[in-house]
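Encoded as structure tokens, the following chain is the form predicted on its own, with no partner shown.
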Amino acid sequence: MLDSGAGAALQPGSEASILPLHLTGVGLDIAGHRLLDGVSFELKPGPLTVILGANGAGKSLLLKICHGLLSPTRGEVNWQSTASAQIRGRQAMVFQRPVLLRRSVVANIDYVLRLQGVSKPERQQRIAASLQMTGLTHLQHRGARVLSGGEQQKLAVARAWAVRPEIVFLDEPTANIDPAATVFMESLIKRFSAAGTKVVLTSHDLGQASRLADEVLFLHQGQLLEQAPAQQFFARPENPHARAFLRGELPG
């Protein structure tokens, strides 16, 4: 299974946007355990959104529900668009541990673009641009499975970038890479956002959230306790659990 969606980013004169995304009263029960409960929020185009919370808060599950990989037990997930093919085609997701084909770096990106019917000249142009942006050009013919963890994560981002999504979901994108790769990855995330792609990422890292976020959704034990502009959240969080998390009193 690929961790990038299929399709191109919204272009002037193209079909209407799939955003905003609305979640209303979303809950998720697995094996009798309530993992998400009553989660409601709206994701609008523009601001870089960080879903922040301790490990086990339900961040990854929530991201998979947004992306459509999981169906909620309760509640509704509604995009602006009602066309399922359009919704699938304009989003991408990058997991903590990327799912890569047993092929070369180039082939991993090319495969996704061919599925979308992108012409060969356009595929070649997008692949070259994605590899250059992520610093993987010199590794383009290497097998994806033998890359380092940081290189695999860059490839996952390159693949997502190549399909030009309107929204990209990043699940703890720097959790398994070293500090140098983390700095580079954060620069890529900023470029995604600056290029007009809506970025939604999960993190338990306060430093990373403060560096990247325009808005914060704070999740605690499966409940969304606060949604606020990042500057406001880090200066004056309203929820007591959020204040405790910022003080380091909740496990991160």
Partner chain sequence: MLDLDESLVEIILVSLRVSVTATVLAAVVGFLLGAVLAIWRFPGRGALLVLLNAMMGLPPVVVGLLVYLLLSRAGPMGSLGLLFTESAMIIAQWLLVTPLIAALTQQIVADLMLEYREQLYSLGAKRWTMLQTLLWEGRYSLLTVMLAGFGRAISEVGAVLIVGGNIAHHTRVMTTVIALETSKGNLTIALALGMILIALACMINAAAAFSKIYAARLYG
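Positions refer to the first chain, counted from 1. All figures in this text were calculated on a predicted structure; none of them were measured in a lab.
What follows is about the form predicted together with its partner chain, which we do not show.
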inquiry  = If the cut-off is 4.5 angstroms on heavy atoms, which of these, Leu100, Ala128, Ala181, Val77, is the one near its partner chain in the model of the complex?
reply    = Leu100
message = Residue-level question: is Arg123 within 4.5 Å of its partner chain in the model of the complex, judged on heavy atoms?
response = no
Contact label in the model of the complex: Lys64 to its partner chain, heavy atom within 4.5 Å = yes
request  = Classify Ile177 as contacting or not contacting its partner chain in the model of the complex by the rule of any non-hydrogen atom within 4.5 angstroms, answering yes or no.
outcome  = no
query = Using 4.5 Å between non-hydrogen atoms, is Gly150 touching its partner chain in the model of the complex?
reply = no
message = its partner chain is absent from this chain, but in the model of the complex, do His204, Ser210 and Phe245 each have a non-hydrogen atom within 4.5 Å of it?
response = no
key: Heavy atom within 4.5 Å of its partner chain in the model of the complex - qualifying residues of 67-88   = His67, Gly68, Leu69, Arg88
